[in-house]
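One chain is shown next in structure tokens, namely the form predicted on its own.
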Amino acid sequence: MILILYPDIDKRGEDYRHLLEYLDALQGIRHRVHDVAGAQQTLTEIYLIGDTAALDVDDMQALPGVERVIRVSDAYRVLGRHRDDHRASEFHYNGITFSQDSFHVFAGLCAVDNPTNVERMFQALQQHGQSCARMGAYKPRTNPYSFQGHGKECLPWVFELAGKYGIRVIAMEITHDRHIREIEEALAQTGNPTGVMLQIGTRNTQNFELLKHVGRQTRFPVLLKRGFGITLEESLNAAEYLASEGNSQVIFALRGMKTNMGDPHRNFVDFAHVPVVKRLTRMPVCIDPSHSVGSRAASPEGIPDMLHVTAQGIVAGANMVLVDFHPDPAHALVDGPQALTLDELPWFLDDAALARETYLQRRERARRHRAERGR
């Protein structure tokens, strides 16, 4: 059960104190308080965990400070969609709105290599009106002898360059809770010139202790990648781990499944699950064509497979694209063969915009169809 409190409730006031005293006295039920920051106001949600079936909705809604009550199903209690649940499926971070209606491209280096290439990437993004990027400082690798990323040493100049070129949000994978502290320290050292979206990679989707650590901080939103060898339900439960600890600013990323049925692509492309995730949860959905396809192979008409699958995901309703670019892919330290080049950036963005327009047209036609049937 979820209690939605009145907007901007005074947590030092009598209503809030009496409410918590009442909840503390409930037998067999724990509660967690979540603050959801919106564009104009902060909403407080209280999640009741335990045997809530015996609680009467009308009684709970009559409690001081409670605006409305939502009775939830067992699955995806915080992030899921529930009957009579009209909570917004959006959050705002560093001037950018993320929702199931928004659309953003996060293009950039899979692995940060040197300041020159980072600056060239940010400059190209700025020239094409982009305010988000991906930059890999920490790189978990299958081979222990492969490049593991520059780590915290590169963070100050990456953040400074992002601020110089107006990049407001950087998606950056972390593999340990200490990386959160390192990012916070580097941002403070450079005067907070940009924002960071913490990325949980596919190898860590079921690293539950890391999920708990990331979920307990609410400063940074989180991009969670689907596990490459587990079910969709298991991956969605990983997202619920984050939200149950306090951070519901989560974006779910589809990045392909590990199976030889995906050959000749690097992974089996799973972008048909975009509308499924949006139906089951309130999370925005991201697609990662780079790690799904894994190459620059193109169809006979000259369109790369990566653009084809990107369009498929966007037409299905994806809200975000995470994609590898590099000024010089032949010398990239990680995943060079799949990186697009800077002169392909305008083509990629134009093609993504075309696919997005197709999705919006399909959505409008579906709305009209429902309206006609409802007459």
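Bear in mind that the values here come from a model prediction, so they are computed numbers and not experimental data. Quick note: we count residues from 1 along the sequence shown, nothing fancier.
Below, we refer to the form predicted together with phosphoenolpyruvate (PEP), which is not included among the displayed structures.
Engineer: Under a 4.5 Å heavy atom criterion, is G201 part of the interface with phosphoenolpyruvate (PEP) in the predicted complex?
Structural biologist: Heavy-atom contact with phosphoenolpyruvate (PEP) at 4.5 Å: present for G201.
Engineer: Heavy atoms within 4.5 Å of phosphoenolpyruvate (PEP) in the predicted complex: does H291 have any?
Structural biologist: So H291 counts as contacting phosphoenolpyruvate (PEP).
Engineer: M283 versus phosphoenolpyruvate (PEP), in the predicted complex: is there a non-hydrogen atom within 4.5 Å?
Structural biologist: M283 lies outside the contact set for phosphoenolpyruvate (PEP).
Engineer: Quick check on C110: any heavy atom within 4.5 Å of phosphoenolpyruvate (PEP) in the predicted complex?
Structural biologist: Yes, C110 is a contact residue.
Engineer: Which of these residues, H179, H273, K139, R168, gets a heavy atom within 4.5 Å of phosphoenolpyruvate (PEP) in the predicted complex?
Structural biologist: None of the other options qualify; the answer is K139.
Engineer: Consider the chain as shown here, without its partner, and state which of A318, L322, A339, M306 has a heavy atom within 4.5 Å of phosphoenolpyruvate (PEP) in the predicted complex.
Structural biologist: Answer to the contact question: L322.
Engineer: Heavy atoms, 4.5 Å, phosphoenolpyruvate (PEP) in the predicted complex: which of 97-105, 193-201, 213-221, 244-252 makes the cut? Say which one.
Structural biologist: Among the listed stretches, the partner-contacting one is 193-201.
Engineer: Heavy atoms within 4.5 Å of phosphoenolpyruvate (PEP) in the predicted complex is the criterion; list the residues of 216-238 that meet it.
Structural biologist: Heavy-atom contacts within 4.5 Å come from K225 alone.
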